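Single chain ahead, written as structure tokens, the form predicted alone.
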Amino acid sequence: MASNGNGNASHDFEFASSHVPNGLSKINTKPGEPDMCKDDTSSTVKVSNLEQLHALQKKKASAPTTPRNATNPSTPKNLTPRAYLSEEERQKQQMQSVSASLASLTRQSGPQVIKGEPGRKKSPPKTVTAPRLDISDSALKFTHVLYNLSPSELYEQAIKFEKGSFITSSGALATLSGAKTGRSPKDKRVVKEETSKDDLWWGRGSPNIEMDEETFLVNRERAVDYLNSLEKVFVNDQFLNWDPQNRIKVRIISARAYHSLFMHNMCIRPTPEELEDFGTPDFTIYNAGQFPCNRYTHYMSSSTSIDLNLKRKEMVILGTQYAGEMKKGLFSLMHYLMPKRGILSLHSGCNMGKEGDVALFFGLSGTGKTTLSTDPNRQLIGDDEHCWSDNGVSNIEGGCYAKCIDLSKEKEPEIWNAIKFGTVLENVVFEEHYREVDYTDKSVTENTRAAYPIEYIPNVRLPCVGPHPKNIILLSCDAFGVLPPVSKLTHAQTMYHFISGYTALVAGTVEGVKEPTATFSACFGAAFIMLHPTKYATMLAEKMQRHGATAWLVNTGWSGGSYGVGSRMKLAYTRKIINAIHDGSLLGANYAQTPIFNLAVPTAVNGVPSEILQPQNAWSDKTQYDATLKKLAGLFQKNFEIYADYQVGGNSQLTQQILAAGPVLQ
């Protein structure tokens, strides 16, 4: 580059020899000439139109290359070893499996299915079903299967086709669950059939509302026909339980990208190699939630029906798009399957310290379970659902389902930072232009939620397994203010308080509530248990005894009086108590007994004022304390009447021992 004498830079170009009258050289643009003006920075893209160019943008996923043992004894003799199957044959087998899952009960085979999105230009698909004589319009069409899509693909599907789906400023996908923004427990049904009816808990207090098999099949047919009528369905093949010896294969067939992404996050995601060998699922969910059940069908009490059939290993969802129904439906399944294997299923949080000490946290909403189990100084194994087997503990899920109402970065930084690309945000409200979420806004519902993969938590333990628990922590927010901040439980007391599952609603949080209201939920998750609570409690006590675990009752509620008089237990004190449990210092403490509940309370905890450890010492009105304590004890006793006549192993001796561990009123 040279100066032109005016201070401006000039370019030294070489022009062709031809000249124009004003003396400027003429550029030669004839093809093939060496001096042709061209961009030679990169090679030309060899396409003829934009569609071909866009096709180059997406790189095809490579087939798994994990070597297979051709002589694997588990391979059936009539099947070709997977290592020798072509990609086309593998996909055909996958689609045959999906077609079988979508089979109508009134036809001989499943629908014609093809992998991929509708509208793509492809050669005519080959049918994966046999010809039928009972031909119908629905049998002539193909159902497109969007199989185990990635979060990016599911984002695109949601944004394009599902009204109410938006990308927020954090990168999370905001979506709406429709009219239902929570679970519908009164619409959940369990088929009463010969293989499981004698094992399940029925009757008073049970969450299991029965239905007959014929009615289930009617609802199944309605769901399958709806799904088969669609141009496309989403299919997730995933796992439950991080313990490889007790892993369950689940298939979720749904109509919404939101539901597919939700389950992608909440279940355990298979590797390409595991997906290649997935085969037939152990359990299938048919989520036709956009379509109502038939109100004239027997047992139906609304347009919503969530039906579980343990014999057929199937679940049908009609009339609700709330994604939590799928998560909790699978948890109910595990509450049945795992105890049958001698494995205890638990509605709990779980973390592990640097010394390998595992703690389980049980607690209802508002007790601090999420806050206390998500400890930055300990590894998170899981926040909600676990199994305790002979191998130790394992998380059932592959993700977390956190409440978002009033979420802040300061109070819960781990959850806040996990809300990013790939996370599903349910029913949140956001600013229209910048898409910043207002977590305080309850315009849609108070039950706003975030579903994200568990690896979004920085201190997660992967795989999500650990050794046998050292401590069992039962959390209660006692708004009556009469339970001690911490007490050590005997095995019988552990069973009693585990079955009780107590916390208290605070006055003002529920319309019409003027004073603290006791809430009991058996095993701290009554809505999801399948067997009688005493069975789970007995398994818990047996495992504690075998592996040397200690149980603690921790009150995160009120001290010095009931709600409105006393004050909420400081989180700093609760953390000191939990730390003392973790490091083992409380085991060697001196203990004193409380009246009526007969709880063993430590006389001193490092960093916690001694006057609040015995609740009566913090009350100024001792007469009122005695009356409130007796009132709560009476509520415990009334609640336990449901379980008092249950017989374990043909006799009621164990039940009597558990009853004796409860509060005693003179």
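Numbering starts at 1 and follows the sequence shown. The shown structure was predicted, so the numbers you read here are calculated from the model rather than taken from an experiment.
Separately, the form predicted together with a small molecule exists; it is not shown, and the next lines address it.
Here the marked residues Gly366, Lys369 and Asp384 all reach the small molecule in the model of the complex, each with a heavy atom within 4.5 angstroms. Among the residues Tyr322, Trp388, Tyr258, Phe498, the one placing a heavy atom within 4.5 Å of the small molecule in the model of the complex is Tyr322. In summary, among the residues His468, Lys197, Lys141, Arg183, the only one with a non-hydrogen atom within 4.5 Å of the small molecule in the model of the complex is Arg183. Remark: of stretches 322-330, 144-152, 96-104, 289-297, the one touching the small molecule in the model of the complex is 322-330 (heavy atom within 4.5 Å). Contact annotation: His347 falls within 4.5 Å of the small molecule in the model of the complex, judged by heavy atom distances. In the model of the complex, Arg222 stays away from the small molecule, with no heavy atom inside 4.5 Å. Proximity of Phe480 to the small molecule in the model of the complex falls outside the 4.5 Å heavy atom cutoff. Contact check for His491: no non-hydrogen atom falls within 4.5 Å of the small molecule in the model of the complex.
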